[in-house]
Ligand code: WT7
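Starting off, we have a lone chain in the form predicted alone, written out as structure tokens.
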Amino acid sequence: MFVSDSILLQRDKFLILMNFEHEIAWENDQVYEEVYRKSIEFPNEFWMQYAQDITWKRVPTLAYDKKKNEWLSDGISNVCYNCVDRHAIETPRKPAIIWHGDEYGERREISYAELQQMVLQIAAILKNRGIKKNDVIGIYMPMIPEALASMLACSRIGAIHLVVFAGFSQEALKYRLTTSNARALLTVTSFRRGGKEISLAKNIPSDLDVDIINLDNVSFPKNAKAEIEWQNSDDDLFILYTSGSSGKPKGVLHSALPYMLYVTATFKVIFGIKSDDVYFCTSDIGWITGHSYTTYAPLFHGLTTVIFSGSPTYPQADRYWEIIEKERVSIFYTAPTAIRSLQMFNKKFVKKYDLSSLRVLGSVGEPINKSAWKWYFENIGNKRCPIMDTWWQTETGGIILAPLRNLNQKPGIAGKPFFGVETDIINGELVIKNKFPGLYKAIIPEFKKADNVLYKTGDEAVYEDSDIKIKGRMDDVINISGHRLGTAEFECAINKVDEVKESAVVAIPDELKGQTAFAYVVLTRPLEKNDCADIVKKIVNSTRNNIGSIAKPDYIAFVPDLPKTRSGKIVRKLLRDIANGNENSADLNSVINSEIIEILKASVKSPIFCPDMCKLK
């Protein structure tokens, strides 16, 4: 096909821009707008520029092949090689992972050479157990170096890893391993957090049909060998479960090479990384942030990534600041919930530490409120560090929205779409209108493939001048401390209590967690005064046992019925409006049992506060 000189000239100008793009384009509005426009107009040129950061066994000729509907379709590489092996050759003594434990002074430093050896040992153990390419391997571990090494070991041999948050219950673990057809489970016996010993071994169901590999009880082979399994665009890296609308979590499947391209490009550009950065992300690997921006992106770029397995407030509310000073952290990425919780403590816990090494701050998991943003900016960044208030999802793999990296930011505004990602707001919902490499491959167990035309995020959004502000979820999902949990998951757990006939759970705002769960509960019999506390305990225990320790309703309203349509469908939006104080809901007219509405409004004004009730004997 003939390409005009003007188009070639445009592409040349674009590539010239890209040569310095990650240094300034996310700082300057004018440069951002020009690069963004070019990235949408010339997606192949844009993504191929970042593909140059990848070490390839076979370099792809195209970033996106429209005919095959594939990213990097003829490229061959391996995620583990890019994150570990090449750095073990070039900078073997450089710290790859620095771990801090539950108590002051608990510290391990793992060089890239040592990380390579650890990865080889775990990979060899898996190979010796008969694990092959495309087998699914569960990982159920706390935030320790072996957990990250286990993810990388799976990638090395072409296995698909499935990380399950160490705070999830036995039922939650079993569901994820069973529906993903996992072959094996990598785990450890226990860990300490907040001064308490937490057993993982007791949470592993005895009837699991998987090979359980406890790394505390195996002999690590010396001089271990595990050859690289080179991957193409169709090979997968991991499954990670997130909230679903059917009462069960859904497994999000990501392909290895396109995912690697997207998360490493976003990390490089948005945080403006430098080769000597020490990077600290507080997210657990049980969540997507722990995958993308605790593990893969920083290690890919050869940085030192700091991980922490303790509590930010144990033994005192200074653990983050102590670690930042000790390790001379330059980029710090955490959740608004953590910021709000630390904001409540005396400033002396911050002031006694030297945080001058910081140059970029980050926020992830949920929208950050203005008060927390201001405290973070003034007290942690000393009014000189931009706050990258990022928005993205498990399904997108990496960051979609972020503010420009300068000091002219608007608190609470997520900002601008990343290059190459075309966003829009349709009927109040943020959508993505084009194919981009971070988007998930499929949802399991149904193996529903991603829509090639439009991705609906389920988040309500509005424009603020040229920026985008995220207002919250539009669907039945609660974002508790940055963790997305489906309301149907709560309801399934609550309905398992013998005394419960049916329930409906909605999200309400919470100053600390961002959102919390409000449960309307209909009982099988009239509520007796003396057994109220007992039923509340059963409800809380059921949600903890079926989902995990982070999942419990903070408020319960016992009601005689739920609002329903003529077809028997619960009018959930009305329940959400009533719980949030909106008594003029547009959904009033759809309710057939309208006599219940005033009872619901009265119950919301004096619900049972679960934490207090659960203290009762």
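Numbers follow the displayed sequence, beginning with 1. Predicted model only: the values in this text are computed from it and were never measured.
Heads up, the form predicted together with the named molecule isn't pictured, but that's what we're talking about next.
**Q** Determine whether any heavy atom of I139 comes within 4.5 Å of a heavy atom of the named molecule in the model of the complex, and answer yes or no.
**A** So I139 does not count as contacting the named molecule.
**Q** I'd like to check something about P145: if you look in the model of the complex, is any of its heavy atoms closer than or equal to 4.5 Å to a heavy atom of the named molecule?
**A** Although the named molecule is absent here, P145 would stay clear of it in the model of the complex, with no heavy atoms inside 4.5 Å.
**Q** Taking the named molecule as it sits in the model of the complex, is I470 in contact with it (heavy atom to heavy atom, 4.5 Å or less)?
**A** Yes.
**Q** May I ask you to check whether E395 falls inside a 4.5 Å heavy atom distance of the named molecule in the model of the complex?
**A** Residue-level check for E395: yes, a contact with the named molecule.
**Q** When the named molecule is placed as it is in the model of the complex, which of 382-390, 262-270, 97-105, 157-165 ends up with heavy atoms within 4.5 Å of it?
**A** Among the candidates, contact is made by 382-390.
**Q** Work out which of P312, P417, P249, G365 lies within 4.5 Å of the named molecule in the model of the complex, going by heavy atoms.
**A** Looking at the other structure, the residue within range turns out to be G365.
**Q** Could you tell me which one of N479, S180, Q231, Q117 places a heavy atom within 4.5 Å of the named molecule in the model of the complex?
**A** Flagged contact: N479.
**Q** Could you run down 268-303 and flag each residue that has a heavy atom within 4.5 Å of the named molecule in the model of the complex?
**A** Residues within 4.5 Å: I288, T289.
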